[in-house]
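Below sits a lone chain in structure tokens, taken as the form predicted on its own.
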């Protein structure tokens, strides 16, 4: 087993504090793989202390106006990449229309860290256990990224994650915002996770959403990337029979490949995934 060393101090780096998105993109373009953006820093500082990354430059983007946008319109919700989770939770429409995301954010870290942590940072880290990944998929989120070389582009959340700590982001690209369409009035969503302690990473995370047209499920900590499933074709009635559930579980089981680690065994993760799936489906459909 490889031992992870935690150092007392951080490695040496230069810090840049751009005042505009254009300035930040210029810095990313210049430094490429030798730099890392800093929004909340709750993941970044841990990786720095463990020497998992050692960039020459840290680009502090948390005060760039374009990355601080938080807006709910009749058509969509926009969350800037540098908006702290605590601020997102103050928006009343989050709980009403994006229940799965609200539940995930309300259960992430603690109240103090939520003043720093961001959704942009949570997905940029591209952890298989990212709490927001499942809810963002069930809400059909699209990630807006920008760079000096490519301009602006949109990435559907189910295309964003490419492997453990790997995403579709190019070295000079920066997440600008996360955008979600306003759900139809009959949409229900939910998020649940199993963890060992109050502030521990999820052993398994599960999210789901359902309306008359679509049923989506998202899982974390059960594969090298978050697992997303559209099971709309399997939902043929408002009550899910055991036969229907077994068809759904067959789809899920074919996609997940959990590991055994210090937090949980592989078999226990599979068992918990099945339990959470049943609970989520009961919550959003029955």
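These numbers come from a predicted model, not from an experiment. Residue numbers count along the first chain shown, from 1.
The form predicted together with a small molecule exists for this protein as well; it is not shown, and the discussion that follows is about that form.
A heavy atom within 4.5 Å of the small molecule in the model of the complex is found for one listed residue only; from 44, 240, 231, 27, this is 44. Contact annotation: of the candidates 155, 190, 88, 169, the single residue with a non-hydrogen atom within 4.5 angstroms of the small molecule in the model of the complex is 169. Here the marked residues 164, 223 and 259 all miss the small molecule in the model of the complex; none has a heavy atom within 4.5 angstroms.
Taking the partner from elsewhere, residue 113 is found to have a heavy atom lying within 4.5 Å of the small molecule in the model of the complex.
Of the heavy atoms in residue 203, none are within 4.5 Å of the small molecule in the model of the complex. Within this chain, residue 252 is remote from the site of the small molecule in the model of the complex, having no heavy atom within 4.5 Å. By the criterion of a heavy atom within 4.5 Å, residue 36 is counted among the residues contacting the small molecule in the model of the complex.
Just one listed stretch, out of 101-109, 147-155, 70-78, 181-189, contacts the small molecule in the model of the complex at the 4.5 Å heavy atom level, and that stretch is 101-109.
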